[in-house]
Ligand code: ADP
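Next up: a single chain in structure tokens, the form predicted alone.
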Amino acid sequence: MKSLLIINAGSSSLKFAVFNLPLVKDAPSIFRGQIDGIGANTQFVAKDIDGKTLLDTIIKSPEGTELEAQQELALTTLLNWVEEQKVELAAVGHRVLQGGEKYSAPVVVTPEVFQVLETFIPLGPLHQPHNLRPIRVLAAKYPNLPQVACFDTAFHRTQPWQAQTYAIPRKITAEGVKRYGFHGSSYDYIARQLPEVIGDKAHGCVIVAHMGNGASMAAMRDGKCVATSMGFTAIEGLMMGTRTGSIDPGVLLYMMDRHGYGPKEISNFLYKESGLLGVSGISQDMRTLEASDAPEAKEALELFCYRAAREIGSLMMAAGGLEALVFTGGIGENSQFVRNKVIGYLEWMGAKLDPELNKVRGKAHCIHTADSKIAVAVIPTNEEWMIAHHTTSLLGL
């Protein structure tokens, strides 16, 4: 039986999933796992369709090996393991950060397309090179194996120009410095599930909150994006696990002047030292903070929910109202506290949460009361399946 490999590669991690063909709606992957700690202690974990661990091992590199070589070793180790499972690959689908202004839908990667994708590296230097590296390695190892790039930015290309434009000189905008938005595969998947979960309201004004270590929101009308919280990078918008979310640029100027921060220190400040971790001083993990009695943990949780509720207010304007609010992502799907707190901020407009329904986990369902003026739902996302769907549709598999 032929199968499909899905890859989501970062600088220090590589997540993967393998689906059997033909692809069935919401079918589980037959294998999945990740390689973490690339560049340090590289751990490779693979699981089967039932979640049973098939492999848990350390990938060792010679001391002094460059990061890029370690990333390629990790991918090669994964490909060899997939071959050992007697999997016959028909194609590979990739999560790629940037499609720029050129690509508003998934695309088959040819040498010409790959060259275009490389030109988008300045738009996403922390992610795009790592997303593209597996495509290059696979093309060398399996030159006849079709590969498809699915872009984090594609779903948001339906935003009106006002939602995509910064108030900066036109010559900088012309370089591609715009509000792109990310988590596109997740929003794409949720948009397709909306009619089954919330009925006719799926065609109205809907805000989807993708809350995980990285967090964002998107406002939709008739399932199409009209605005999203993330912008040129995956920093803007909501407070996140270790990222600041939207911040006054003057704070960065202050850090440069007062503390001597350079580009590397500013990047760490924005991406790795802030958010839930920075405010709490304890952890970026929502579960850890919810279990903590420390006042700093409580403040971090309160700030996370407050910032989320304020973003909903902004997106309501862009959407022209609010008929449904959907939670997804690791936090959105699992944190009763966050959902309850965020909806609490919306009580003034008639949003009401059913405490018992809010306890249900692991399935798509509504959690609002019968008299709530706004539908509230939890829908587990499935980005890997969405990438698999686009890959098979594009290639006719």
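Keep in mind that this is a model prediction, so the values were computed, not measured. Just count from 1 along the sequence shown to find any residue number.
One more form of this protein exists, namely the form predicted in complex with the named molecule; it is left out here, but the text below deals with it.
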Q | Contact of residue 124 with the named molecule in the predicted complex (heavy atom, 4.5 Å) | A | no
Q.
Taking the named molecule as it sits in the predicted complex, is residue 164 near enough to touch it, meaning that at least one heavy atom pair lies within 4.5 angstroms?
A. no
Q. Using 4.5 Å between non-hydrogen atoms, is residue 361 touching the named molecule in the predicted complex?
A. yes
Q) Heavy atom to heavy atom, is residue 213 within 4.5 Å of the named molecule in the predicted complex? A) yes
Q: Decide if the three candidate residues 15, 287 and 335 all line the named molecule in the predicted complex, where lining means a heavy atom within 4.5 Å.
A: yes
Q) Of these, 331, 367, 38, 342, which has a heavy atom no more than 4.5 Å from the named molecule in the predicted complex? A) 331
Q: Sort through 213 to 221, 198 to 206, 309 to 317, 230 to 238 and report the only stretch with a non-hydrogen atom within 4.5 Å of the named molecule in the predicted complex.
A: 213 to 221
